[in-house]
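Read the single chain below, which is given as structure tokens and is the form predicted alone.
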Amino acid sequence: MGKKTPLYDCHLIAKAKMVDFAGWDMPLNYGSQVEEHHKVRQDAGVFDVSHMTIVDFHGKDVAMLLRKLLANNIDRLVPGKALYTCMLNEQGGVIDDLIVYKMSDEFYRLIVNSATRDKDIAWMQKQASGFTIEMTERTDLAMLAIQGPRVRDKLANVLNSDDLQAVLALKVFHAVQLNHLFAARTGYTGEDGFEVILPAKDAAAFWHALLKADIHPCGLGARDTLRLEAGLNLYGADMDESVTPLVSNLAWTVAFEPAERDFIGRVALLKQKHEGIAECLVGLVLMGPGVLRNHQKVIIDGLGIGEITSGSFSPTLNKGIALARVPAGIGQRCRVEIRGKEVEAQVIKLPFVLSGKKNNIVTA
């Protein structure tokens, strides 16, 4: 038996298919992964993401620590604003990707991946040595992601008028702390929506209120196809400690300015930039029928071989899609080796789907 979120019994009541995910018992789906995917693209869905690791940093040195610890620049933040970033090792490899929220000048909240929880906390504790900070893992909290184009309308049946007004006023990548919950206009699906953090003891009641408001429960299966369509990286597949953000379509999360900010991994990334970026992460769409899968070989004439890092079937596009790490300079076409046969694929600029809008996909 794995670890259980505060909503474990709610998933059983909803007849979820439970699977192990990074040591947690989590819902894969509630009957139909494809239906859940379409609910989020067209309506509203809710995910239990309480397995994610929430870490609060307090203290007079917290900003100084995070300037060193994170590749993006937290000086861009004001209270209530969030930032997506990577946490790197000295070689520039990605220890984890995360979201950091600035709550106040001496209080920041980090949301890191569950699968990397142990190494993340150990790394952060090591780097915090010598800084005046207090680091607290918030195991007393639960977290839900409420995503889809009709979420804003349906929350009127869940939140009181004051809370609703505060939540609906949030700009993208901003957050607000209310009396009983923390709400951020962030997500991992390519749709508008919110991520809500609240006391674990209140999670079940809030979950049932969302379902009563006709917000559909969704599992890990739909979460993965949604994030893939949105061109969002999955840690352990599309990036890890063996690759840098510069070859993982995450260069935009690295702030090299100001030059005096000596974040961990900076020297290695500058060296890689100087020597030339040999690889890149791109989107692939299979031209014919079939499904693209992780680790399939990608053949680019005149350049060499690449590899699919994340592949699946897109319910929105009704086509096989993938993220692939390939030689830089790839054109608009390549071939993927599927069961010994080479199949044509289109190379596209990510994302495949964003806010319900499809990218320029060739259909034949």
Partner chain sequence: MNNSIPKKLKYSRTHEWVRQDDDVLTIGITDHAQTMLGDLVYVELPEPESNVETGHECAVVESVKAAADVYSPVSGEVIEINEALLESPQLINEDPYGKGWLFRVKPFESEIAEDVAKLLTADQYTKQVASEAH
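Residue numbers count along the first chain shown, from 1. The model shown is predicted, which means the values in this text are computed figures rather than measured ones.
Keep in mind that the form predicted in complex with its partner chain is not shown, yet the notes after this line are about it.
- Proximity to its partner chain in the model of the complex, defined as a heavy atom within 4.5 Å, singles out one entry of 236, 93, 290, 149, which is 290.
- Among 328, 64, 305, 34, the residue placing a heavy atom within 4.5 Å of its partner chain in the model of the complex is 34.
- Its partner chain in the model of the complex comes within 4.5 Å of a heavy atom belonging to residue 28.
- Within 4.5 Å of some heavy atom of its partner chain in the model of the complex lies at least one heavy atom of residue 312.
- Contact annotation: residue 225 falls within 4.5 Å of its partner chain in the model of the complex, judged by heavy atom distances.
- The candidate stretches are 329 to 337, 312 to 320, 297 to 305, 40 to 48, and the one lying within 4.5 Å of its partner chain in the model of the complex by heavy atoms is 312 to 320.
- Taking a 4.5 Å heavy atom cutoff to its partner chain in the model of the complex, none of the residues in 128 to 142 make contact.
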